[in-house]
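In the block that follows, a single chain appears as structure tokens, in the form predicted on its own.
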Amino acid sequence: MKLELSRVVQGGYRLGVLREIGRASTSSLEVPGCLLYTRCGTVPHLTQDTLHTLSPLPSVTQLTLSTVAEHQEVLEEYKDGFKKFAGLHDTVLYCSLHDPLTPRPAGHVTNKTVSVWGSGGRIELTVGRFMALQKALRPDLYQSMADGETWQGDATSRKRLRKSVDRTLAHLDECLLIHQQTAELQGAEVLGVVEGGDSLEERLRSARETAKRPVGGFCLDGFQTGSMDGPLRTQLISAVAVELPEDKPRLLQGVGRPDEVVACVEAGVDLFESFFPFQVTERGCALTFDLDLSLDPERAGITPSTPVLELELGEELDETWQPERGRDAELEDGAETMTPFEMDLKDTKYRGDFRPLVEGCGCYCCTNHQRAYLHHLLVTNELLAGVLLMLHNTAQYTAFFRALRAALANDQLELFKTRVLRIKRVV
């Protein structure tokens, strides 16, 4: 696996291509970019045939260990790895430890074990069992076992953060030793995990020590949305990035909101998990990006009446702010609040709206259906609503990353933030 960078801004974003990914070394992935989020190997709401109406898709599929750990005996008996088991033929398989959307109760780690939560409840993993699962899954890339309970903010003591880093490094050394001795994992890459919570000292120590190990890349953990303030997150990521080798990718876990993605890209992150489209779909919403930066502001839909949030330099987007196309409302069952990048299709104003979700979007949903039809499916609780929305939201999210890369390549990042994120910074 080789990261070829075409552009690097000192202390900032990186643009390039991750080549020779996977055991066959035939796949590539442009960075900054995202993985393909799945649950037990399947994109929520979609079959493989339905999914592949979208093109291009990310070349790396994310599988979370928490969704398959309870099936270890079946996979060991099958013997041919998870890709063949799940029918994932033309993709690179990356295995992470936790599902970013599954709650993780605190207090279930020890010096020798971590816990994951599947459909059957808590599963305790030693390094031996963790690596036995990797042997059965045969991924192309996987993150090492880590003590990631560093997201509790002020409630996490400095001593606990030090212990988290120490345990994670010890787990990594054990994982690498077993990896080298396991024939089924030859050709696979291990990603080392950087922990340390909100402590700059521990973050730097974790990054420096992990970078000394023979890892293929790095997972930045503990920065999940809601775990710390945005400015602190970008400050820590920027500091960590300086300590990591330039030629290895950095994957950030638990961050998916477009405005947060851009801030983290500017801090030096290469790859993201793509769970955000599923979150939006579950809210009954559709992503509505304006991704054409070639148009003048009036033709692109930005007029004096269009809400544009003005921020002082370094200030973060207020999550309560909403443009006219969405409403600021708490959703049922503790779901996250709508973001400024989506429309709520359950709103009655869409009952007679016969436009596509996004003009010019080439997904199956936008080329065949209207907002009014999606509204009807949602209010009648039809399963097809989730299918069509997931298709559209996945298409929009991957297009967002393509547009971001184009903006970086053409020195249009500020225009991208104004046009796509509707943010205007005041220096």
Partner chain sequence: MAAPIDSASDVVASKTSMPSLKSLSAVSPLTLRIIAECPVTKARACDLKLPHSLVNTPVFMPVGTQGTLKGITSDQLEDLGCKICLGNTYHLGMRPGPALIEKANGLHGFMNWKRNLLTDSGGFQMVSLVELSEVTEEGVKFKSPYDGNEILLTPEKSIEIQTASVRLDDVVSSTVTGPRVEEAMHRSIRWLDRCIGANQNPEKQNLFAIIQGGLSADLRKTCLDEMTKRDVPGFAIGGLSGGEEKDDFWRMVTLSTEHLPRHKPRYLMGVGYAVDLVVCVALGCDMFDCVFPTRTARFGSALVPWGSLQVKQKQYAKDFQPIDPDCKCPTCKRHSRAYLHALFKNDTAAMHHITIHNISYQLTLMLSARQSIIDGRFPDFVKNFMRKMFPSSDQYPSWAVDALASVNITLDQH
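Bear in mind that the values here come from a model prediction, so they are computed numbers and not experimental data. Residue numbers count along the first chain shown, from 1.
If you look for the form predicted together with its partner chain, you will not find it shown, but the lines that follow are about it.
Its partner chain in the predicted complex is not approached by residue 123, whose heavy atoms all lie more than 4.5 angstroms from it. When its partner chain is considered in the predicted complex, residue 46 lines it closely, a heavy atom lying within 4.5 Å.
In the predicted complex, no heavy atom of residue 170 sits within 4.5 Å of its partner chain.
Its partner chain is not shown here, but in the predicted complex it comes within 4.5 Å of a heavy atom of residue 85. For the residues 399, 29, 387, 54, the 4.5 Å heavy atom test against its partner chain in the predicted complex is passed only by 387. Picking from 76 to 84, 140 to 148, 261 to 269, 226 to 234 the stretch near its partner chain in the predicted complex, with a 4.5 Å limit on heavy atoms, gives 76 to 84.
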